[in-house]
Every structure is written in structure tokens, then in C-alpha cells.
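In the form predicted on its own, a lone chain appears below as C-alpha cells.
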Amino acid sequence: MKRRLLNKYEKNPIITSEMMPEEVLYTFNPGAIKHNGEYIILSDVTMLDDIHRLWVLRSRDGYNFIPDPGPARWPEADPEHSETCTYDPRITKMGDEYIILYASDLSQNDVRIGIVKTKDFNTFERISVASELGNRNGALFPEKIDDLYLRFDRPFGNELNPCFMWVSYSPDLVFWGKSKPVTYKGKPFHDGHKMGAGAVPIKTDKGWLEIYHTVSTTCNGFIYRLKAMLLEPQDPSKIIGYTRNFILWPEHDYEMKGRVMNVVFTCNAIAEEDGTMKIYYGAADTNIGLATGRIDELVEACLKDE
């Protein structure tokens, strides 16, 4: 059997609703990053009122997490940009701050990209809530290019319709434009029924490595799986190569049975000093698992279009 590029932790799932200090329904789709030698997970948590909130969990070893006593003290949106649910956060370190892009939800299809920042994951300050509806899966690049911030977008009209990855640019994290689709060999890149950014991109000497999700249709629903792509260093809207094969997919009960069946979904990829990567992923929108792999092997697989 061919060796996998990502290997699942044998004690998965590592985070479940039973671990939380309050009764909650589900924990899933976390953002994650290292801060002052500590692993930080910012997890989606569905409370008993059926509202998704964000909750911080902390770990010294990356395997054993302790949740904060309560949900993150998320800043209130102004009345013009009210939000009912907050979920799917991607965390980008820029300077001494952490910029968090997340889904700001009014209803299933009325979703925008919200942006907050923090220095310590105790207090959070709002930067903006995008005014346009029908956009999610925002992931901010950790460097500016040509003095502009870059983010992945996934514009959509309805969650059941095809939708794909775009890149947008901003001078200040508030006003976004120059949006264009991600392309491969000069054409807009479509992989599956729909697709979107997963992790915050990782800079390598061969280009930007992006872990993304791709969705296939079945006779009775969707399957969410992960792939990787490599993007040009100075123009990350252009794909150098991508993995033709899935690198992570639902196969165990905790990934196939739950709030949303047949889902692995990530909002993070932590690059370690030894060249490995940790990916904390949502499983069936119910639990959180861990997968690990080598960054150089993922880059090589993208270059070979494997």
C-alpha cells in the first residue's frame, strides 16, 4: 500500500464535546497556531441554543488540550453588521498580532468574512466585517505582496451550487478588491463540485503550500476531503501544481457519522521546526482529529501532480 502523505493520530479524536467545561453539542473545524510555545486551538462549538461560537483550547504538547472556562469573548458586531453565528476561523500571525478571518453568519447563505485580531487569545478586537454577503473560507496570507494583503475567498450564491477559490487584495484589511479566480495553466481551477481554502498558506522555497478542501457529490449528499496545491511565490492566484489524489478523507466512524456525515475539514496547518506539519481537522462537524505529515513531501507531490 502506498504510504500516506498525511497520517492520522492513533488516539483520534483528540477533542470532543465531552471534554468541554459546559455542555455543548459539537466541537469542530478549528483554527490553530503556536503562540509563545503553546498550541492554540480556536474551535467551532455548537451550544445548546444551536448557535456556533468560538472556544479557545490550549496545549503544551499539541496532543492534550485544556479548554478555557468559557467561549472566547468575541467582540460585538455593530448593528449594521450583526451576526448570529461565528465559525471556521483561520489564524494568521503578522508581526506581534494574530489576524483571524472567520465566517460571520446571518443565515446559511447569508455569510460574510469577519476579521478580528488578538495578541494573547484572551482579548479580541474587531477589524472589520465585510459588507458583501455570500463569501466564506477566508484565509489571510502571512505576508503582503506588492504592499497589499492577500486572502483566499470562496464566493457563492447557495451552498448547494458549485463554488471555487478566489484571491482578493486589500491595503488595510477593510476594503477588498481586485478579486480573481485561482487559475491552473491559465484557466480557473475547479476541483470537485465545490472547493475552498483550508489552511493559512505556508511559505516554502518552492512556493506557497495550501491545504484545501474539495467536495464531491454522492447520491445522497456530499463528501468533504483534503488536497494540497502549490502556488507561485509572487502571484499566489496561479497554481504551480496540486495533488491529484486526496491526502485526507473520511474513513472512520468519528469522521463519517455525526452532525454532517462524511466530512474532514481543516482551517489550519501548523509548520513545525523539524519540517513536519500538524493539521487539526473537523470530523463530521462533531469532533476534532489530528493528522501529521512532512511539508517537503507535500510540496514534492504537488510538483509531480500526484
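Numbers for residues come from their place in the sequence shown, where the first is 1. None of these values were measured; they are calculated from a predicted model.
Although not depicted, the form predicted in complex with a small molecule is the subject of the following passage.
When the small molecule is considered in the model of the complex, residue 260 lines it closely, a heavy atom lying within 4.5 Å. Using a 4.5 angstroms threshold between heavy atoms, residue 280 stays clear of the small molecule in the model of the complex.
Contact annotation for residue 212: none of its heavy atoms lies within 4.5 Å of the small molecule in the model of the complex.
For residue 29, a non-hydrogen atom is located within 4.5 Å of the small molecule in the model of the complex, even though that partner is not displayed.
When contacts are defined as a non-hydrogen atom within 4.5 Å, none of 4, 242 and 297 contacts the small molecule in the model of the complex.
The partner is absent here, but in the model of the complex a heavy atom of 87, alone among 141, 87, 124, 176, sits within 4.5 Å of the small molecule. Only one listed stretch (234-242, 32-40, 260-268, 61-69) carries heavy atoms within 4.5 Å of the small molecule in the model of the complex, and that stretch is 260-268.
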